[in-house]
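Single chain ahead, by itself, as structure tokens, in the form predicted on its own.
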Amino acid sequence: MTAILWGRRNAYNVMKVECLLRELGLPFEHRDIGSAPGDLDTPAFRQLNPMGRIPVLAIDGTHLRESNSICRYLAERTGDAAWWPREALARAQLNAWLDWELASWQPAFIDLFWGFYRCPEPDRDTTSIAHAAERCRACLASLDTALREREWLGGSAVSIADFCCSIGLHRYTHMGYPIELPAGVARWRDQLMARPAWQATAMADFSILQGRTEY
């Protein structure tokens, strides 16, 4: 059965789910929503997700919400321990990276992306931008420490943690803000760039978002 992915294709959290669907070779249909004001507040969409947020994935007879939870489900659904370990400690270590992505990296990156790239230049708050950039640098320094010790975040095999934590890196390095990736992060990013699923999602053109303050 073909899955259905609701959301704007260029939305950060939607990209995570689409990237993993492609990587796992799962057939899916994309349905654009969230591109027009108010379309997440319709009764029809609220039936899919009472929270009124994207993405939503229809799969296996149900509707799933929250991007990292969807990715956990997809990884576990494969039955492949490389994607979702059977051992509790290994799962906890992947979960720690997924939580870090939501609590630390994503907020820092989104603040920088919105403050610098999506805000028209005359309206930019340079102090806030500099603060967000410093938070991003601190996050990537922590990521680099881990990646200097292992090939992938989970060890020797790629996992959902790599896709969820990396999905914004192409935008981060191509939005025109002066950035230098730490060596370990750069090597990891280059490995991901070789994967067709990451190319099709994380590396997709995002220029339509420049100077755009509305979704």
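In case it trips you up, residue 1 is the first one in the sequence shown, and so on. Worth saying up front: this structure is predicted, and the values here are computed from it rather than measured.
Separately, the form predicted together with a small molecule exists; it is not shown, and the next lines address it.
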Query raised in the report: Can all three of 12, 54 and 215 be found with a heavy atom no more than 4.5 Å from the small molecule in the model of the complex?
Result: yes
Report task. Answer for residue 185 alone: is it within 4.5 Å of the small molecule in the model of the complex, judged on heavy atom distances? Result -> no
Report task. May I ask you to check whether residue 32 falls inside a 4.5 Å heavy atom distance of the small molecule in the model of the complex? Result -> no
Requested in this report: Evaluate residue 151 for contact with the small molecule in the model of the complex, applying a 4.5 angstroms cut-off between non-hydrogen atoms, and reply yes or no.
Outcome: no
**Report entry** 4.5 Å heavy atom contact, residue 169 and the small molecule in the model of the complex
**Finding:** no
Query raised in the report: Picking from 63-71, 159-167, 175-183, 22-30, which part of the chain touches the small molecule in the model of the complex when contact means heavy atoms within 4.5 Å?
Result: 63-71
Requested in this report: Report the residue, out of 130, 138, 119, 102, that has at least one non-hydrogen atom within 4.5 angstroms of the small molecule in the model of the complex.
Outcome: 102
Report task. Select from the listed residues 40, 147, 48, 59 the one whose heavy atoms reach within 4.5 Å of the small molecule in the model of the complex. Result -> 40
